[in-house]
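Read the single chain below, which is given as structure tokens and is the form predicted alone.
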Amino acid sequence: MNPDATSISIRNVAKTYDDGTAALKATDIDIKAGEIVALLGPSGCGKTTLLRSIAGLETPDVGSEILFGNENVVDVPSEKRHIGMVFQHYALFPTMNVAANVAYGLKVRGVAAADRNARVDELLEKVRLTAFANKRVQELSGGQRQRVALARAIAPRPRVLLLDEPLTALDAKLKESLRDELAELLRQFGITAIHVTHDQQEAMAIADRLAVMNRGVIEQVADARTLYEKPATAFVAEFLGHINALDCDTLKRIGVESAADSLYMRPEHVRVDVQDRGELTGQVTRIIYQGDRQRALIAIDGAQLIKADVTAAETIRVDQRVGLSFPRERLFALSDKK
């Protein structure tokens, strides 16, 4: 772990605007030194407000506490919090070359030229841009610019790195490539990082843990597997994928007793038998081709519609009769329901 990294404790952090809008309700979360945490959720959920509060760019409500280690930085100006930031559009200086961009923060802080150059050389090697040191940023690809922005943010040895939707402006194919590269670099640097995004796949690929936010509240904090397989709320379950809600009638028909009104199962866990054998049978009403798989919408006789995934190689067609089975270990309950 990077010795410069620090733990972060968010205690009762909230933000209410003058018109009474509660952009962020009282929020608590602990982040370990060197951990990467994604703040994940739709637009308006409060994730950016929380990030800006941590950065010192937003003043939270009275009673809020933001601790870097044991220091409450709520009243500390942003420029004195020793944070690094990477923005959506990177905010690089177009008139400077790559090395000068990386060195900028060090120069502003009065770091001696020899030390500054050594740090720049070290970081350019780590982000694999040594050969581009004298290139202007306009000559770089989107991925290379991202690495310059990351190196510049890391150069002054910040206690915390904040990333505000850093991949949003990229096309889908480049984004997929760069999210893996970003995850690798962040772990290489070993710095405490908070990454804001609305993209579930991006958050899962980069972060150690994800804090899923909705309407100004963190609904659940966990690693990606736990969130996907054991979501605490309907919002978390649906935001991180698709689910089937098996109602009481369906549960009775497959012999499952539950105190809950319904239990849930992911489409990929529903077993489909094209020979029409299973616990229940139904008719395929629609097929959605998804590349490596097909999602079939299946109307159970006299009951509900079920989403089920089968491989792309499976022969299945609309109006076909199929059997369905529901592995018990894949059923889960939620603490809330719609």
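Counting begins at 1, following the sequence as shown. Predicted, not measured: the structure shown is a model, and the values here were computed from it. In this text, rigid core is short for the largest set of C-alphas that superpose within 1.5 Å between two forms.
Keep in mind that the form predicted in complex with another copy of the chain is not shown, yet the notes after this line are about it.
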| property | result |
| --- | --- |
| Listed residue that, although another copy of the chain is not shown, lies within 4.5 Å of it in the model of the complex (heavy atoms), from Leu178, Val111, Ala224, Leu140 | Ala224 |
| Location of another copy of the chain contact in the model of the complex, chosen stretch of 276-284, 63-71, 22-30, 35-43 [non-hydrogen atom, 4.5 Å] | 35-43 |
| Output flag, Lys173, Glu238 and Asp292 jointly within 4.5 Å of another copy of the chain in the model of the complex, heavy atom basis | yes |
| Close approach of Lys252 to another copy of the chain in the model of the complex, 4.5 Å, heavy atom | no |
| Contact test in the model of the complex: His198 vs another copy of the chain, heavy atoms, 4.5 Å | yes |
| Proximity of His242 to another copy of the chain in the model of the complex, heavy atoms at 4.5 Å | yes |
| In the model of the complex, Arg128 touching another copy of the chain (heavy atom, 4.5 Å) | no |
| Per-residue C-alpha change between this form and the one not shown, Ile287, threshold 2 Å, rigid core fit | yes |
